[in-house]
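Taking the form predicted on its own, here's one chain by itself in structure tokens.
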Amino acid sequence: MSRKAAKKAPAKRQTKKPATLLKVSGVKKSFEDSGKIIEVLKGADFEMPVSTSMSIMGASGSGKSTFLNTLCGLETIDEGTIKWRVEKEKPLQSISDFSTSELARLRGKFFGFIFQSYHLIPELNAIENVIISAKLVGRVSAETKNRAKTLMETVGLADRLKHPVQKLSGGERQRVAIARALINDPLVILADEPTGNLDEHTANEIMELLIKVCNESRGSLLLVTHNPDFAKLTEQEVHLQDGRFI
């Protein structure tokens, strides 16, 4: 009988689970309206890995915007915990551990915000609107101004640097908003219905650009949208229903 040594099975390749960037556990949030308590978030659990794209869908009034506001610490929660990985090499930290000033400072560096209504400052020109986010966290320098110019080129507005924002089209304004969101090199972009005020063609262009710049920057994208086609462009989709994620 042959005594050939049995061949070892090849070792299974282990895929390392990506680190968690955001973690929400059991979050509840309610509001009072005319003496009546309205529960919006009813024990929401949510987890987002580093360097990924996710979309949140849900009916109008399901609490999507409330969730974003609590996630970034703009609104306090009634119950539960919200944790951020402020630096890639550090553990998750509960935002309840931060002082009000610390929370504001970290929020400006950790998140980049894109809104449906742009929220540009009409008194400032296009590139000044991009730089303003850096000013808010005390990061304005010659390097910052050069980065702002580069970002304006990236979003296709190299010829609109000093253009009054009131004279820009809706799509151009949202491009400025994308550049502004990226100026502080945030770990995550929060985009709340970023195409809601745009026509279909422009909306498609903006979504393609948003996915592209987030991929290139290796940042994470958290997109709130009503459009299932846009949701499919992200790596993961979650739905907010009756105050919880499903």
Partner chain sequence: MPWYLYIALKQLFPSGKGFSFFALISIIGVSLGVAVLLGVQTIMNGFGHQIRESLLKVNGDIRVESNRVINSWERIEAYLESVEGVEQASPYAHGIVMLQHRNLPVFPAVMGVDLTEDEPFIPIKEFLTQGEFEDLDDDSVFIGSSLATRIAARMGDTLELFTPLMLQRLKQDEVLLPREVRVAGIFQSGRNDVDSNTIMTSLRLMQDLYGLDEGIHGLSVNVAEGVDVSQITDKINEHFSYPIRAVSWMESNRDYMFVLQFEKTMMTIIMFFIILVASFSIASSLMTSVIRKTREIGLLVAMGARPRDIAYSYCLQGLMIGVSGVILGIILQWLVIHYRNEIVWQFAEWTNSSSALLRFYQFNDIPARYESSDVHIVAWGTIVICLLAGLGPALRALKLKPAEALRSE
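Numbering follows the first chain given and starts at 1. Since this is a predicted model, take the numbers as computed values, not measurements.
Keep in mind the form predicted together with the partner chain is missing from the figure; the text below concerns it.
Participant: Heavy atoms within 4.5 Å of the partner chain in the predicted bound form: which stretch among 215-223, 66-74, 202-210, 46-54?
Facilitator: It is the stretch 66-74.
Participant: Just give me the single entry in 168, 92, 161, 124 that has a non-hydrogen atom within 4.5 angstroms of the partner chain in the predicted bound form.
Facilitator: It is 124.
Participant: Examine residue 150 and determine whether its closest non-hydrogen atom to the partner chain in the predicted bound form is within 4.5 angstroms.
Facilitator: Contact check for residue 150: no, nothing within 4.5 Å of the partner chain in the predicted bound form.
Participant: Is the gap between residue 128 and the partner chain in the predicted bound form 4.5 Å or less for some heavy atom pair?
Facilitator: Because a heavy atom of residue 128 falls inside 4.5 Å of the partner chain in the predicted bound form, the answer is yes.
Participant: Does the 4.5 Å heavy atom contact test between residue 115 and the partner chain in the predicted bound form come out positive?
Facilitator: Close contact exists here: in the predicted bound form, residue 115 approaches the partner chain to within 4.5 Å, heavy atoms only.
Participant: Under a 4.5 Å heavy atom criterion, is residue 83 part of the interface with the partner chain in the predicted bound form?
Facilitator: The answer is no: residue 83 has no heavy atom within 4.5 Å of the partner chain.
Participant: So which bits of 128-149 sit within 4.5 Å of the partner chain in the predicted bound form, heavy atoms only?
Facilitator: 128, 132, 133, 135, 136 sit within 4.5 Å of the partner.
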